[in-house]
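For reference, the chain that follows is the form predicted alone, supplied as structure tokens.
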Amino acid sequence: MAMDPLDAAMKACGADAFVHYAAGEDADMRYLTRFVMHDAFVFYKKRRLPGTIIVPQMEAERAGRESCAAVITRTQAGLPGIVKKEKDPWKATAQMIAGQTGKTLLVSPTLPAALLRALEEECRVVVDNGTTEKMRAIKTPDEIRLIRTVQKKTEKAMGLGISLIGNATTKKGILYHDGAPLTAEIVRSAMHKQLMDEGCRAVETIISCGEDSAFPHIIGSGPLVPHEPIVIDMFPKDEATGYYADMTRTVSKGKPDPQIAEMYEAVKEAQKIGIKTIRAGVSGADTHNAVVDYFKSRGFESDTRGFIHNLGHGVGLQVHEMPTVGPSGGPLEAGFVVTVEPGLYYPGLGGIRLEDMGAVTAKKFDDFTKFEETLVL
């Protein structure tokens, strides 16, 4: 049986324990503990033993029910006695941790600097190189099921947003719905409410129209207009599980400029190429470069205009996490969940992006995204 990655990392540097300190919304902490607490708390794992969290007494019962780690309280860890002598809260926390762990610690690279310095007064400290982040990148079948579930909810909300645009009427050069201008804010709000009803939370959903669509992360605002590209990019999180989905579609109410239509067809074909290329063992760089080569063959740049971002990224407890499907991307592994999102962007004209999400398997890309790709509504 393979050694637990954290145990292997500890063994490599001679550490007695691994330590992480963060709030439960932190992706690594949620992964390690399956517990969410909005105040920061301590996780530690000794070699060859399960992990333990140290929480306030008021959270102990809930943590015992919800966390996959063992639970002790700050009182059980000796903090009240420590703070009688040590008034600096970081030093007190460090002494509490040292009392539970050992003399050599492997610590998370995101540990607060003040806590790191305080721990160095108590122990030999080695900063980890992201072992937990690497562990999170390879999803279990249960994690993949949870991400698929979020994706289905995301597609339902996408359908609502696109139907609002498709059913709109045109008046004075802008889209109207129920007798009022149809704005990016109205569409975004409707989609977010739909997701809330499904137990998900979405923020900063992109609904950019016309020339704004040429800039990938402009959120978009104001009235939507016909015959222009409208990029809709949403990445909600399931409140109960913490897992994200991510998808993008580009639509136009009425036929757009022929150049936009040509860009759309090129992006759609590029996405097919990316999807066909992905499988375990192929590098993220090779997949990205296959799309770059295709765009180049069609006369589209991949520099300051045209295709200006990575082809994709990992998705899980963060909407952007390992691995990278881009120029620096390493070998893809079975269990990675990644996006495939080629795009073309030309200021003064507009932008196109299409994004699916799925899992890397030994032989192919298992696409979770079943929502249709249609430009003209």
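All residue numbers refer to positions in the sequence shown, first residue = 1. Predicted model only: the values in this text are computed from it and were never measured.
Separately, the form predicted together with another copy of the chain exists; it is not shown, and the next lines address it.
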Problem set entry | Residues 34, 182 and 275 all lining another copy of the chain in the predicted bound form, heavy atom within 4.5 Å | no
For this session: Evaluate residue 90 for contact with another copy of the chain in the predicted bound form, applying a 4.5 angstroms cut-off between non-hydrogen atoms, and reply yes or no.
Result: yes
Exercise. Would residue 239 sit within 4.5 Å of another copy of the chain in the predicted bound form, counting heavy atoms only?
Worked result: yes
Exercise. Quick one: does residue 120 come within 4.5 Å of another copy of the chain in the predicted bound form, counting heavy atoms only?
Worked result: yes
Exercise. Hey, in the predicted bound form, does residue 132 get a heavy atom within 4.5 angstroms of another copy of the chain?
Worked result: no
Seminar exercise, completed: Only one of 110-118, 285-293, 260-268, 168-176 has residues with a heavy atom within 4.5 Å of another copy of the chain in the predicted bound form, and that stretch is 110-118
Exercise. Looking at 148, 136, 192, 74, which is the one with a non-hydrogen atom within 4.5 Å of another copy of the chain in the predicted bound form?
Worked result: 192
Exercise. Here the chain is shown alone; which of 319, 68, 49, 334 has a heavy atom within 4.5 Å of another copy of the chain in the predicted bound form?
Worked result: 319
Exercise. For 40-69: residues with a non-hydrogen atom within 4.5 angstroms of another copy of the chain in the predicted bound form?
Worked result: 58, 59
